[in-house]
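Look below for two forms of one protein chain, each set out as structure tokens: first structure 1, then structure 2.
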Structure 1
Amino acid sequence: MYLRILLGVDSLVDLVKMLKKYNQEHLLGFYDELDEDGKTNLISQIKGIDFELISELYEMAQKGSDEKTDPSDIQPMAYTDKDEISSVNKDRYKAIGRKICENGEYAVVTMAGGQGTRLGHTGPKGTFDIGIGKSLFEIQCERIRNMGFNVPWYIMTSKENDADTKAFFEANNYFGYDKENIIFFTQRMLPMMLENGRIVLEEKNRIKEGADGHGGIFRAMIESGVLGDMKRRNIKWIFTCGIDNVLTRPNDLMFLGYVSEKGSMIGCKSLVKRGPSEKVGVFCKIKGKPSVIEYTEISEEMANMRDEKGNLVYGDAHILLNLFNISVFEKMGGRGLPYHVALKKTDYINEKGEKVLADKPNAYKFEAFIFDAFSYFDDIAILRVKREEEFAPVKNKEGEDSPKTALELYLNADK
């Protein structure tokens, strides 16, 4: 009876029939070899998969669905350089932002669903210490706490790191922050698929899944009840960011006031690209709508184009520091965003039960991007900031965007 309840079908036979329909029966190929926990975990994963969606995404991957943008549809995007705002206006924006916080209308959402694997770290990425005796979570918490307001802090985790993240906060007494104002929620996970269309078994009892990207935040906030909680708290403005940028400033009252006064529903911070060939998405308008175009879709000519002052025309990089009016989540949450496909390298269990070690990209991963929401609005407010003041990501174990480079920038920046 327990198995029937878990499956949501009459029997294991019915589950096999369903898997055969989608050519995924290999997922139960080693079922009889598993212990009870292994069987339960595997069936729970299978039950959570939207096979119709996965089939559609596989077809999209086969067709190469990410269409190239016609260069004639792309135009530059207006921005405001923070350095060119007068001190009087900066103070005015800060006062507006402070008032919003005093009214309890501001919240922060940190996207922290990743593991620290690339850094050689075991555990959620947010628990990583760059060398100052503080985790990435604590660095961000300090900035929110130092605002002096009871700002609700929502943390988006993933199924793989949710329990460990919560345990870390509990063990560290929530870094001195009011635990009632720290709310965790999880984002959707999607299975990876081999190029032959089979869902990846990373172990005989476990399907290889990945978080559905930062664009999954809209649907996750609806499904988890977070948006409803924000409405009950009378939140009007939501700052969203990743966990791996040690210079993220969720306490930037000037930015909050700037976007609010501009009358935009979305505000974004940008950086000047290091050069035409830097591999980042850049702000632009596509068919008159605000967008971010990936470096792979912009021509070399456009990437090198400069204005009369010698600045790159398409030089403002999106750095995942965004401010949304809550109405954006109300509009976007139910619809979800389109998925993009990337070919990744992943090991898997073959039909003989052997572990195959991949030596090249061999599996599709599906993700939604938060900036795809921009095109549903007529305009967004872009504030250009300095890289050394606001962007020090921790992505690689060594070299560029590593703990070493992030630590140097963190120590030299205003806290």
Structure 2
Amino acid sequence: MYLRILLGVDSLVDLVKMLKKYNQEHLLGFYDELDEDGKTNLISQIKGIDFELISELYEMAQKGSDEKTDPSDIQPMAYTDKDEISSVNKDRYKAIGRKICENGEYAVVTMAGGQGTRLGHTGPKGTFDIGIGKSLFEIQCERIRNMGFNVPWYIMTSKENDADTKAFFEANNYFGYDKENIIFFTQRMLPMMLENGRIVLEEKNRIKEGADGHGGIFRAMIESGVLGDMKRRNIKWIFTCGIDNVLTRPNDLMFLGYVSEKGSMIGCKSLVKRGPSEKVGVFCKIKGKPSVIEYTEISEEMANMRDEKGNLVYGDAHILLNLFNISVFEKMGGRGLPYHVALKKTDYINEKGEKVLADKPNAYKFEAFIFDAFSYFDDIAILRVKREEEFAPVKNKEGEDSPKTALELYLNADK
């Protein structure tokens, strides 16, 4: 009855017809049991879903996800080793970077919309403390604040963690940073799907959605008005990073000057893979265009290939430390990047209304990757940096890339 009042009879009929068409009528399976808020929320979630896109993505997932790249299309990508830049040139680049900041042309975007499922921390990942009495957000804020330029700091959240993130900043008095220069924006969400093609109901009144990947930044910046805000402020260079690397250096003036001096529209930091089997994406050219190829997509032979000095030919890992000229966001426009699929573990409500606890990955999650934008450009500047100086990610609860390993690296590195 309530549904009729909310939507009007015609739209109710349309909605049910539409759900049937996409084989998703189970989403309203428990509708009559819900209270008014539950009904409203569920309907608003359903109305926000692009069912055509979701069924295309499901088909892609069924086919075995991403297509493999033809090895003959892949070539190595040139890079510059930071260690090989003379100190005179480093100082010159720093001065260029400083000028850009003094002119108010630099901004930072922290992508903090992920779910942090592997870490399993309650609350946004940026609120996590690796054991130094500071959250990941605070560590990043300190580095930006210490630059002394009042750099605009944009923080990308998702619908899932936006309110908690904002509340955390408020409760911590924005870490002493100018509140006017911290701007939050949200990225799109996509529903997760069980392997049988049904969208996941995580509760009878709620669809399980996940942020659409760090590649969602391009759309999100336009849809949220962030790009317009940057243009009004005359921003020219935007450093983008995640929230979970405690050695992220948004204050690296040398990198800023280096990329702008090279005339590249995109600059990326890379580091040498620990070995051929490390599970990271590496820089390369695909059909002549700059790209990052996932470890799952590269042949063993290529992963092991070495040059005359014994270095891996495809050995420069992408670590989500990228600098973009604002023209990149303009050129990308609202263009969506291709989605990749991953199988994740998620609990769900079955058709009988029972909660099923997942004991293995059972649902598809769709995500776009920021590096898929690189191939829209002819060239990017890659600066190879040192792992111990720039990369200490917090991904897992324990073991590799955990709070323990990140803490050790953090304590040993320059702050």
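For the two forms, the rigid core is made up of the largest set of C-alpha atoms that agree within 1.5 Å on superposition. Note that the structure is a prediction, hence the values are computed from the model and not measured. Residue 1 is the first residue of structure 1, and the numbers go on in sequence order from there.
- Between the two copies of this chain, it is structure 2 that is the form predicted in complex with uridine 5'-triphosphate (UTP).
- Taking 2 Å as the criterion, Glu33 does not count as shifted between structure 1 and structure 2: its C-alpha moves by less than this amount when the rigid core is aligned.
- Annotation: Cα of Asp359 displaced by at least 2 Å between structure 1 and structure 2, core superposition.
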